[in-house]
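Presented below, as structure tokens, is a lone chain in the form predicted on its own.
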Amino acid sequence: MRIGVLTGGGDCPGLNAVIRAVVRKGISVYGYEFVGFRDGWRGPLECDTMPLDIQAVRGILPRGGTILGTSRTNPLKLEDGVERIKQNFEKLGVDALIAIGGEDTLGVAKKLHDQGVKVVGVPKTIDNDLNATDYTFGFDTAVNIAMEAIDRLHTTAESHHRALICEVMGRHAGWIALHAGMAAGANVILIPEKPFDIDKVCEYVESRFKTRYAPIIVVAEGAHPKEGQLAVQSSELDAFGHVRLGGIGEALAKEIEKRTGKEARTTVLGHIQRGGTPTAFDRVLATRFGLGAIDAVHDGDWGKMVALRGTDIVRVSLEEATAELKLVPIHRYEEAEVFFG
């Protein structure tokens, strides 16, 4: 059997560990042959491939990013996109596909499966917002990077008596902000799931200054005030219809300065959160996902995605995996609120 592998959407630490596990077990245990598609769905659309053998995956376990490259190309936007992919698979002798990606990539995978393509999915979203799995790889790395950054911000905030705002990733789900903020002792955490009251935020800021300590505010890029809209950097949409978010941290800093008279500064972590080497947790989880994915291929269990439930790797349908986002529940946010101010 000849199996294609692709990585789609934003890069994140752990992608190479998945690829390595798929190829190593697929070749050594099952005797399969692999072909890598470059740059997400662009690869199968344009027949852009690279060899994917054991030599190609040596030494990639600790590397961030993806050796296959990635993109936000959406074949569903093309009138003949799905048909072109099917024709190219036939031309290349590809019998099945392992698609590694988030809701958008796996949404395309589901459409292909519906039209008879043999597909297995692997969940990849650094925001940890795929509903069918307890955790996705890359999330733990992002949280640790954000936590370390916030730890460093504490000393500058207190030395200069400033309010420091750390803007982290999180378009619709505030998992990174919640975990990093709790781990690093942030004084306020703002997430997309709960529009914030700017007056209350300023109360927390002033309360913190009264203790002779300086406040640290962690804000997800998709967070927004009750009376406002999302702060956006651009009105342009990507191929999957997502607007580019960002700017809420700077807007918040200006509002805090205006309302409290205290100096406020913003640090935007941006791509730093998803670059570089993955944590041990993410390396192990990504490896287990890869092993689970090639087992699903061997079993002919098409249209499924591997997922983490407790400590077990299980299989769920692509339909279930992409049905809805996993958002931060109110009780989890209330746990963090105890430490605000």
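This one's a predicted model, so the numbers in the text were calculated from it and none came from an experiment. Quick note: we count residues from 1 along the sequence shown, nothing fancier.
As for the form predicted in complex with a further copy of the same chain, it is not shown, yet the points below apply to it.
Colleague: Report the residue, out of A307, L291, V35, V297, that has at least one non-hydrogen atom within 4.5 angstroms of a further copy of the same chain in the predicted complex.
Modeller: Contact residue from the list: L291.
Colleague: Considering K91, H271, K226, K77, which brings a non-hydrogen atom within 4.5 Å of a further copy of the same chain in the predicted complex?
Modeller: Filtering the options by heavy-atom distance leaves H271.
Colleague: Examine K258 and determine whether its closest non-hydrogen atom to a further copy of the same chain in the predicted complex is within 4.5 angstroms.
Modeller: Result no; K258 lies far from a further copy of the same chain in the predicted complex.
Colleague: Given that the partner is absent here, does V143 sit within 4.5 Å of a further copy of the same chain in the predicted complex, heavy atoms only?
Modeller: Contact check for V143: yes, within 4.5 Å of a further copy of the same chain in the predicted complex.
Colleague: Applying a 4.5 Å heavy atom distance criterion, does F281 contact a further copy of the same chain in the predicted complex?
Modeller: F281 belongs to the contact set for a further copy of the same chain.
Colleague: Can any non-hydrogen atom of D134 be found within 4.5 angstroms of a further copy of the same chain in the predicted complex?
Modeller: So D134 counts as contacting a further copy of the same chain.
Colleague: For the three residues R24, G276 and T311, which mark the spot I'm curious about, does each lie within 4.5 Å of a further copy of the same chain in the predicted complex through at least one heavy atom?
Modeller: All three within 4.5 Å in the predicted complex.
Colleague: Please determine, with the chain shown alone, which of 83-91, 159-167, 112-120, 196-204 has non-hydrogen atoms within 4.5 Å of a further copy of the same chain in the predicted complex.
Modeller: Result for this chain: 159-167.
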